[in-house]
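Take a look at this single chain, the form predicted on its own, given in structure tokens.
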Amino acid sequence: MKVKVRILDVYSGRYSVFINEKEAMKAKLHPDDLVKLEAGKKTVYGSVVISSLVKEGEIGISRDVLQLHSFSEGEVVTVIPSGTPESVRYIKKKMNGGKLRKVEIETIIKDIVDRKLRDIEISSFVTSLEINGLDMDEIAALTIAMAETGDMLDIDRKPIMDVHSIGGVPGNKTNILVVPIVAAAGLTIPKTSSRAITSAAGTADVVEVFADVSFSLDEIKRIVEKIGACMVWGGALNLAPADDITIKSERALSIDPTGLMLASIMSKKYAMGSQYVLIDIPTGKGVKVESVDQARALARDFIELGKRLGQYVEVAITYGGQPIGHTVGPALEAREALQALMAGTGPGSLIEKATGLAGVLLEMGGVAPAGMGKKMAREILESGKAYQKMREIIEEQGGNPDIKPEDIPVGDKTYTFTAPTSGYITAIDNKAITGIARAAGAPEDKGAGIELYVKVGEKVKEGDPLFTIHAESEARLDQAIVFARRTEPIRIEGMVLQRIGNI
């Protein structure tokens, strides 16, 4: 049927098109049916919503559909029932434990990007990967398909370095130090990051406190070719666009399938033209990878996948048993990272990890001799060169390069937990810390999060402060307090852990 476009000021989040009930009956369309809209040479897919918002002869276009194609008010389009995509059959195949062929994976990814698959079908695909996994042939095919359905970046500064943490450790603002250290040494490092999936702050969430993170590929190319670095949000680009769609399902389900994680990370690196990639795998209790053996197995997968993509990959297995630094949450982490760059020093865990990772990249890029990278990275940090490079990055990304840590606002609704007894800090629960920060509003509320005053191994006295929750609203603060009381984020014990009597 041919109908006129009516643009509706609604954001459905589901790429919805709105059709009058009588019009739908005539066309035999039902709620959630997939239809394609043909306008000239452009084809857009959407899910049907039956609504009285539109009259007969009209089709309502939501704001999210407008992101796919800029329809104009009153434009005549043809609406055609689409039927079930072939890719749904391939998703069912994976749900049943089958191995997907390259062409089947390509079809699924293309249909995700074209929005031919609905949210429930995408969630089914993600869930099937969590349950049944992917072998390396499937992961390589998935990675290339995700990259090639989007744009590719070609930067005229070589070699191109990249670093990525698989996440899981609260307070991991490390790359905000690593990127300017590496760029200050003369290497090129265009850093794209995702927003938080299950954490309290992704790198993009933290950088956004200083500067813009949403740029076009042409803008990124200009910035990087000028100053050698950037720290931007990958979701604002058309880099591996299927990744940002599947991430929504991962976030809703609180899962992160290993095969999809590998493809997600490496497809962005492939699309950015990265030649040397360092993967950070935090390991420890309460993170994604809890044992060193698991980390080594995952490292081998990253290295093998890199070979198949023509990239040189190294992996750093890092300590992830407790939060990095003393802050968790976008604004609090931004403050801590900026302070470390300005002073050339900071919390031991943050400085140790940042200079360690930066040192590996300096050696991979050939600017530091083998075994000397970490020393060189620390010298660059302590000399102030990394801070000057960070100022350039902030300025080029539209922020104020003169910003000071105290200029960054944090949540003013606070509550401090104190030690209920004297003893030693024997454990800090990463998942509980993340849960408290998210309950407080992070990462959506930039000022929300946690300020930690203790680390594992430290001695505390009864009444000593352990951590302060920051929130932007009393309601969120109350939720975080309740969450903290339900869990045991910080464990305090004496040197005698247990007493067992004579049986």
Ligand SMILES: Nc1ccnc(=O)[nH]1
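Note that the coordinates shown come from a computational prediction; the quantities given were computed from them, not determined experimentally. Sequential numbering from 1, following the sequence displayed.
This protein has a second form, the form predicted together with the ligand, left out of what is shown; the following refers to that one.
Q: Given the pose of the ligand in the predicted bound form, superimposed here by the C-alphas around the site, does the shown chain leave the site open or is it blocked by 3 or more ligand atoms within 2.4 Å of backbone or C-beta atoms?
A: The site is open here, because the ligand, transferred from its pose in the predicted bound form, meets no backbone or C-beta atom within 2.4 Å.
Q: At the 4.5 Å heavy atom threshold, is Asp256 in contact with the ligand in the predicted bound form?
A: So Asp256 counts as contacting the ligand.
Q: Taking heavy atoms and a 4.5 Å cut-off, does Lys221 contact the ligand in the predicted bound form?
A: So Lys221 does not count as contacting the ligand.
Q: In the predicted bound form, does Thr149 come within 4.5 Å of the ligand, counting heavy atoms only?
A: Result no; Thr149 lies far from the ligand in the predicted bound form.
Q: Does Lys288 make contact with the ligand in the predicted bound form, using a 4.5 Å heavy atom cut-off?
A: Yes, Lys288 lies within 4.5 Å of the ligand in the predicted bound form.
Q: Since the partner isn't included here, can you check whether the ligand sits close to all of Leu381, Lys385 and Met390 in the predicted bound form (heavy atom within 4.5 Å for each)?
A: Not one of the three qualifies.
Q: Which pick from Ser165, Thr283, Ser87, Asn430 sits with a heavy atom within 4.5 Å of the ligand in the predicted bound form?
A: By the 4.5 Å heavy-atom cutoff, the listed residue in contact is Ser165.
Q: Identify which of Ala419, Ile317, Val79, Ile197 has a heavy atom within 4.5 Å of the ligand in the predicted bound form; exactly one of them does.
A: Flagged contact: Ile197.
Q: Quick check for you: of 71-79, 334-342, 262-270, 135-143, which stretch puts a non-hydrogen atom within 4.5 Å of the ligand in the predicted bound form?
A: Every other range fails; the passing one is 262-270.
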